[in-house]
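Given as structure tokens, the chain that follows is alone and in the form predicted on its own.
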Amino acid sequence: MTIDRRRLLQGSAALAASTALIGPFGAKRALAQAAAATFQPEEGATLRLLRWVPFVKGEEEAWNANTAAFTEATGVQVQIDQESWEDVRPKAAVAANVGSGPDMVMSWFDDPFQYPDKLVDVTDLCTQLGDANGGWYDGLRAYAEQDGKFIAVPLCAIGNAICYRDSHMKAAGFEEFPTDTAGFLELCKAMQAAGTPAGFPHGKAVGDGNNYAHWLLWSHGGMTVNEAGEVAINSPETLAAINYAIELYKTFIPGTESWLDINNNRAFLAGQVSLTANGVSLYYAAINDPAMAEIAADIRTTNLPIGPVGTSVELHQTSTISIFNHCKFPNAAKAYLEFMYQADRMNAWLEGASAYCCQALKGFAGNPVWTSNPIHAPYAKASESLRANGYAGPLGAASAGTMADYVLVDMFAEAVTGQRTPEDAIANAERRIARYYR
């Protein structure tokens, strides 16, 4: 998709979003904002952004409308390429290492740490944005900063929460959703017996699979490495997490070991499962389809149960935006991001995302989207509460490699499906993690 000054957006809905974002003074207002910008695009600049396929239409429309306003203000054309969640990571890695392709990428978790020397230093931009908007949330900042400099711009946390059918929970004999892992297992057993089972991904799902695996591990006190970066996966806590996962897996719909990020959404909306963990996009997929009115009215959301550690420990999907060194117009790229983080632009994007994307900057925490619907409540604190995937060690190339290689996801999948004994699954994960943490 290419957005330029002659083609703002196609479709009445997107056009309306663009008009609302640009405001009553149209391009004049946008030009005034651009004139005050810190970063000025190079003459003849064009840009290409690689991003993940959106799950919420309003998020995409708002992002595209903001992009169209930037093009109208500056003349810089921005091409937006979309790839599936699973494909963004390898496409970005190839672009970084070959030195051609997209100029910028919306990437996942600590992916920028896999090729930090291939990225533009954006410390000046991030410092300015942080100072102007209440500072960055620590968890998101950790995904973008290395050795005191920013190698990426924190974008958002995509909150992960339990989505369930309220009537099905009650039909299984539970009036309230359990807040602890023991009670959660009993609920899943009861729902399976009632013919309304749960389902969580054990496949290589970038978001949902990793979120689930890390919650399983952390809720039982396990960790991949300790604070010193020493491999610590082989522990009684990890074994307890696996044994718990095995019992949960017995209550799931068949086939979850092959689920990617889209599969639990589809299964829930098709009525095949009545409980899973997902972003708020699941709710809006139902609410926006008249044929799913009954399901939409029955959906409730809550945070994942608390395990033996006694506190909430959740991963949450995180995304950053990086500029590759091979970008011919780095000032234009910084100008684009500066423009997208202006208060009216960022607030419009957050509202368009309907609680799917949680802000990276503290100054946007008061956006009305978080209190506009009770369904949004579990997602409101995602940026504040997230735990980085490298826990308990520092983020870097090792944590990024471990995540990209799906080591934790595979460990649980091997054990719950019986491919390996729990002990062998742990030993295999230990060997794989050690390859990265040398």
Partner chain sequence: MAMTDRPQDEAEPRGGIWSRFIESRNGLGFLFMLPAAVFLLCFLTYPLGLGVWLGFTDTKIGRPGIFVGLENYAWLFDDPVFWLSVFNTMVYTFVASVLKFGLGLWLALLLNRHLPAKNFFRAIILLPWVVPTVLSALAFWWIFDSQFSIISWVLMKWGLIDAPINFLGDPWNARWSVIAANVWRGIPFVAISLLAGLQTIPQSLNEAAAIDGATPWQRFTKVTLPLLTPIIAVVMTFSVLFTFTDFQLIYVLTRGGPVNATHLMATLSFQRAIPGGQLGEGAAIAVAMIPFLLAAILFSFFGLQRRKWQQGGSD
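Numbering follows the first chain given and starts at 1. Quick caveat: nothing in here was measured; it's all calculated off a predicted structure.
The same protein has a further form, the form predicted in complex with the partner chain, not shown here; the description that follows concerns it.
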| query | In terms of non-hydrogen atoms within 4.5 angstroms, which of the given stretches 149-157, 318-326, 68-76, 248-256 touches the partner chain in the predicted complex? | reply | 248-256
| According to a 4.5 angstroms non-hydrogen atom cut-off, is R345 in contact with the partner chain in the predicted complex? | no
| said: With a cut-off of 4.5 Å between heavy atoms, is E186 one of the residues that contacts the partner chain in the predicted complex? | reply: no
| Taking heavy atoms and a 4.5 Å cut-off, does A413 contact the partner chain in the predicted complex? | yes
| query | Is G173 one of the residues lying within 4.5 Å of the partner chain in the predicted complex, judged by heavy atom distances? | reply | no
| Non-hydrogen atom within 4.5 Å of the partner chain in the predicted complex for each of Q40, C126 and K334 | no
| request: Quick one: from L239, I162, A93, M223, grab the residue that has a heavy atom within 4.5 Å of the partner chain in the predicted complex. | output: A93
| said: Going by heavy atom distances of 4.5 angstroms or less, which of A286, V122, A267, L361 would be at the interface with the partner chain in the predicted complex? | reply: A267
| said: Under the 4.5 Å heavy atom criterion, name the residues of 77-97 that approach the partner chain in the predicted complex, in sequence order. | reply: E86, R89, P90, A93, N97
